[in-house]
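The chain below stands alone, shown as structure tokens; this is the form predicted alone.
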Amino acid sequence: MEDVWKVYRGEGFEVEALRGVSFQVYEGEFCAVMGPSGSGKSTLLNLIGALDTPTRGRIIVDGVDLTQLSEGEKDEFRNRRMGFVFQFFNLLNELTVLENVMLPALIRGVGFEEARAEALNLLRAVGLEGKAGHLAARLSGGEMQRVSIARALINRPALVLADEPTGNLDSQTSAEIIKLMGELNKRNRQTFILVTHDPTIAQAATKVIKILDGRVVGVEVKKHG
């Protein structure tokens, strides 16, 4: 991110959500973006994920300047190069666990059998192979988040973005989910960026970017363990 600003304007008001944010996250890093509510964390993640457009500045992901892409190009880039994990899981309850994980690959145009095999591999990786045929609605919160992580990884993205991924989970389940994401990061060398206000998540990260009032106020880099 290079001098990124995001200003929301309406009738009679102007809100500077991000004010000149610059930082780098390198390939294979497990990065936590930390800050209190209203600091600009979610805005930051939406911009990195090409879900929103900065008022000014440049955002370069995997060598591509997102600010130069059309909406259609952004959609394709997101589907091919990014994975998303949300606080509220966003699973389709009427589909099975396996079908939820397969869906992004099928949308991308991957063949059914290939998508199914990859989805089963990912469910095995997140410890849910035995629940492949279950409806998503019948899972616990922790299991739902494991499914959403598998779904985020199905297209082998260069970058996985997670917005408060443990916000709806108890402390033990949260710790298990963060441990799982850390293991997947190391095993697959995929880059993870997590937005959180939870300091325990920062302990698992290799880089912590602290933001306050729309500005970066600190960057902490830890040695890989």
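All values reported here derive from a predicted model rather than from experimental measurement. From 1 onward, residues are counted along the sequence shown.
This next part talks about the form predicted together with a small molecule, which is not shown.
J.: Could you tell me which one of Ser174, Asn185, Thr43, Thr196 places a heavy atom within 4.5 Å of the small molecule in the predicted bound form?
T.: It is Thr43.
J.: Though only this chain appears here, would Val15 touch the small molecule in the predicted bound form if you measure heavy atom gaps against 4.5 Å?
T.: Answer yes; at least one heavy atom of Val15 falls within 4.5 Å of the small molecule in the predicted bound form.
J.: Should Ser37 be classed as touching the small molecule in the predicted bound form when contacts are defined as heavy atoms within 4.5 Å?
T.: Answer yes; at least one heavy atom of Ser37 falls within 4.5 Å of the small molecule in the predicted bound form.
J.: Counting any heavy atom within 4.5 Å as contact, can you tell me which stretch out of 29-37, 185-193, 63-71, 153-161 lines the small molecule in the predicted bound form?
T.: Contact-bearing stretch, as computed: 29-37.
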